[in-house]
Structure formats: structure tokens, C-alpha cells
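Consider the single chain below, provided in C-alpha cells and representing the form predicted on its own.
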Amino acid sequence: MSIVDHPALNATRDGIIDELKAAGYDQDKVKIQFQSAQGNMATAGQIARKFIGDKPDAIVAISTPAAQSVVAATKTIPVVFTTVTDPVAAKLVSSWQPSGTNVTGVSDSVAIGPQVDLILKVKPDAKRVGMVYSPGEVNSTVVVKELKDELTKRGMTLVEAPAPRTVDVTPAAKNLVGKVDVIYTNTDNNVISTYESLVNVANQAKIPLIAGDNSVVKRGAAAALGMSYYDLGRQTGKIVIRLLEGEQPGTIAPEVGNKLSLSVNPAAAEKQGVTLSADLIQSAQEVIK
């Protein structure tokens, strides 16, 4: 199950299914059900209870809110979380060691230092970084704290713009205009779901958008350094296969996604008032034309 449909989460889902198929778990051998809560936590709880009632071999929860809903509802059915930035802070597991419970999974956490390095490669004179995020999403509040600490070390500042709902994203972004040199986005589900609205604000105000989610570069961010969410799904699928083949979730330590990639969008950068350097473009794994 997923908390909402957006490209990164959907790519994760597709990667899981492809990994299962590659291992011989096609539709003749395994039945896969998928549902999205469409951003509604009450619906997420209903889906979790429905899946638990079906007594599956495993439930894969895509995103932090989805994983929290499932883990809160069962202590017996194996749960594999994925696209969760900090499973310990989200209280899915107590540590990065094998949990001894019914929960394991894969994190999409990326080191914050390289994110700030990318910000400075795109906008070398940046001092004030804006961030729109949902204050109710642990996935994001963890990044806010890490980013604030990292920026402080470098003599820079973070300007926060909370957006509790998707409809709050545009007003929150507009509130950053005139106060920041760049806007950084992580994998916040509210923000990713309505990314085009953020792009519109950034284009009009000539503020570069830097992201930790590569999927948004095609949608108008100037650059991103993040996980390949499809590959994250493949990695998650390998854990699901281990469970199907008899391992217990409590014996499998949570993992961190192991593939990072740089994506750039020179045309989007121009709209946002900056020109990407030739070195940055040449070092990217993906260049949006």
C-alpha cells in the first residue's frame, strides 16, 4: 500500500513488482494487491486493516505514513517498509539492527552534506535556503533538523515554510519569495504531490529549486541528488523475496538504499535565474532536455 500516488512512490512499487517477477514470483505464483490511501490517513488505516484481514504473507508499506498505519495495526504479519527516511524516528523499528519484530525494510535516507554541496554548485552565493514541508510528516521533520544543522555549520540559514496540507504548498512557497536564495525539497509527500505549483512559484520569482528526489527534475526542479526510486523498489523486493522464502522479518536488519544519482534540468534552471555549470551537467546521470 502507498499513502499517495506520485512518481517516486509509483516507481518504488514498480521496482518491487519487477524484482518479484525477475525471481519467478509472477502472477501465477504470487497474488499482489495494491491500494493507495490518496493522501488520507484515515483511509490508510482502513486499507491496513483490510490487508491484515486478508492474512497475506507480507505487507509492503510505501512511505512513512503508510508504514506507520500498517505497523500500528499488526504485530504478527510481516511488514516491509520502503521510501521511509528515518524508520527509527518514525518508530517503525527501535534501531538499525534486526528488530526481532514483524518489521523490516529499506530507507531512502541520503546524507545531507552532499545535498548542500549541490545547492552551492547550482547557486554558489546562496546563504538562505527555503524548505516547504509537512510538519506532520516525520520523513520531513528529520530532514529539516539535519539541514538546519548542516547549513549552520556553513554559515547559512534555513527558512522553514510549513505546509500541513497539499493546498498549503503554494501559499507556503509564495511566503518564501524575497526571503531565500534557493528552495530545497525532500521527499515530502504533500510537496511531491503538487510539485508543479512549487515550480510555478520558483519560475516566477527566479528562485532555483534543488531536490532530494530525482523524479521532480522532469517536473521542473533545476537539479536533484537522490535515490533511484525504481532501484529502491528492486532492493525492497529482494527483502520481500527473502520473507517469501522463509526468513523472518525480525532477523533482517533495515537497509538504506544503495544507489544515488544526479539529475539536472538546464532549461528549468534558466527559468529559475541560474545557469548550470558544464561540469555539473557532465557529471549528471540524467540530463533533462
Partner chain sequence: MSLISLMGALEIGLIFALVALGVLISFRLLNFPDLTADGSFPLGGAVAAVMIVSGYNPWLACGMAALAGAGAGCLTAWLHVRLGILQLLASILVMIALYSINLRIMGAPNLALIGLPSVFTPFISQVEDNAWLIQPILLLFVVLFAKLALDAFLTSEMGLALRATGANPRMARAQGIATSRLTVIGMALSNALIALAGAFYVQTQGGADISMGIGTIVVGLAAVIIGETLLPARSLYLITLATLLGALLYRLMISLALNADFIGLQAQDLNLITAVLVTLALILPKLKQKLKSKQGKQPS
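Positions refer to the first chain, counted from 1. Only a predicted model underlies this, so the values are computations on that prediction, with no experimental measurement involved.
Although it is not shown, the form predicted in complex with the partner chain is what the next lines describe.
Pick from I52, A58, I252, V30: which has a non-hydrogen atom within 4.5 Å of the partner chain in the predicted bound form?
After the contact test, the surviving option is I52.
Of S263, S69, T236, S228, which residue is found within 4.5 angstroms of the partner chain in the predicted bound form when only non-hydrogen atoms are counted?
For this set of options, the contacting one is S69.
At the 4.5 Å heavy atom threshold, is Q248 in contact with the partner chain in the predicted bound form?
No, Q248 is distant from the partner.
Contact of I47 with the partner chain in the predicted bound form (heavy atom, 4.5 Å)
Output for I47 is yes: heavy atoms within 4.5 Å of the partner chain.
Is there a non-hydrogen atom of A90 within 4.5 angstroms of a non-hydrogen atom of the partner chain in the predicted bound form?
Although the partner chain is absent here, A90 would touch it in the predicted bound form, with heavy atoms inside 4.5 Å.
When the contact criterion is heavy atoms within 4.5 Å, does D108 count as touching the partner chain in the predicted bound form?
Because no heavy atom of D108 falls inside 4.5 Å of the partner chain in the predicted bound form, the answer is no.
Is every one of N175, T185 and S215 in contact with the partner chain in the predicted bound form, taking contact as a heavy atom within 4.5 Å?
Spot residues vs the partner chain: no contact at all.
Quick one: find which of 129 to 137, 153 to 161, 109 to 117, 177 to 185 has residues within 4.5 Å of the partner chain in the predicted bound form by heavy atom distance.
Of the options, only 129 to 137 has residues within 4.5 Å of the partner.
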